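One chain comes next, on its own, written out as C-alpha cells in the form predicted alone.
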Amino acid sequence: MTLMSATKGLCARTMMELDQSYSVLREYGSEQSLLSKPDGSSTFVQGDTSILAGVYGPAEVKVSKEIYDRATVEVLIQPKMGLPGVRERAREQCVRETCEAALLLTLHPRSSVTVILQVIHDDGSLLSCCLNAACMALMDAGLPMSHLFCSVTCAISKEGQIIIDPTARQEKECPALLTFAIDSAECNVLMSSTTGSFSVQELQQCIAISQKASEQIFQFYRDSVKRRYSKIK
C-alpha cells in the first residue's frame, strides 16, 4: 500500500469520526465593532469560553521594533484575573505567528499592528477561541489578508477518543491536547500547539478532523459578514 492511499484511507476513517457524539463543536457566536477606540474589535464565544479582541493599526511603531520592509505584529493576552504569565506568553506567540502568516504586512512597512485579547471566561479551548476572536477583529479592522484563519482544539482521551473543542474539565482528564490554526484558502495548517504524548496516527487524525471542522467556522465567518452588510446598499 502506498503512502498516499494509506493517507486517503486514514482521512476517510477520520471523516466518519465527525459523526460521533464527542466530535462536534460547541455552540459558538461572535459580534463585531463593539469597541469605539480600536480600529477593529470582536467577541468570540465557544461554549462557555469567551474572548474580547481589539485591533489597533497600522499605526506608528517604536524605533526599536521597526521593521523596514513590513509591519510589526504585537499580541497581548490579558487573563481574566491577575497578570499575564508564561502560558499567556506562549499563547501570544501562537497568535502572533498565525496573524503574521495571514496579514499582508509588506503593504504597511515601518508600522505596527497590535492585537489585544481579553479573556472573559475560560472553559476550555482557550487558544482556539483567542485565534478565532483575533481573526474576526482583523476582519472588522479591514486589514489586508491573504486568507482568513480559524482554530480548532482536539483532546485525546485515555481510551483514544478524539474530542473536538473540549471543555476545561475534559482538557484536565485527557493526556494530550492539540490546537491547530487552519487557513481558509487550502485548509493548510498554519500553526500547531501540542501538549502531552500521542502517536503519529493520532496526530494525523486530529489534523484531518480539525480541517473538516474548520469548514463550519469559515462558513460562520461568511454568514456573519453577510448579515452585517446585508442592510448596506
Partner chain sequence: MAAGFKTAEPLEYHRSFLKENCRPDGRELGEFRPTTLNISSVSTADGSALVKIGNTTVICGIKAELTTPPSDAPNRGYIVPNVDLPPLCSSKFRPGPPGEQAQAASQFIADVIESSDLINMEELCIEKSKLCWVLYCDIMCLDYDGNLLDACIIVLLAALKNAQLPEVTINKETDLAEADIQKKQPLKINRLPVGSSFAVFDDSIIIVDPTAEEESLSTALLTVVTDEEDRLCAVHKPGGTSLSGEKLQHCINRAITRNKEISKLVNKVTESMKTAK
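Residue numbers count along the first chain shown, from 1. Only a predicted model underlies this, so the values are computations on that prediction, with no experimental measurement involved.
This protein has a second form, the form predicted together with its partner chain, left out of what is shown; the following refers to that one.
**Asked** Every residue in Arg87, Ser192 and Thr195 with a non-hydrogen atom within 4.5 Å of its partner chain in the model of the complex?
**Response** Yes.
**Message:** Under a 4.5 Å heavy atom criterion, is Glu31 part of the interface with its partner chain in the model of the complex?
**Reply:** Contact with its partner chain, no.
**Request:** Report yes if any heavy atom of Thr72 sits within 4.5 Å of a heavy atom of its partner chain in the model of the complex; otherwise report no.
**Result:** Contact with its partner chain, no.
**Message:** Can you tell me whether Glu92 touches its partner chain? I mean in the model of the complex, with a 4.5 angstroms heavy atom cut-off.
**Reply:** Yes, contact at 4.5 Å.
**Message:** Would you classify Val200 as touching its partner chain in the model of the complex, given a 4.5 Å non-hydrogen atom cut-off?
**Reply:** Although its partner chain is absent here, Val200 would touch it in the model of the complex, with heavy atoms inside 4.5 Å.
**Message:** Just to confirm, with a 4.5 Å cut-off on non-hydrogen atoms, which of Met139, Ile116, Ala101, Ile120 contacts its partner chain in the model of the complex?
**Reply:** The residue in contact is Ala101.
**Request:** Would you mind picking out the stretch of 40-48, 184-192, 54-62, 160-168 that comes within 4.5 angstroms of its partner chain in the model of the complex, counting non-hydrogen atoms?
**Result:** It is the stretch 184-192.
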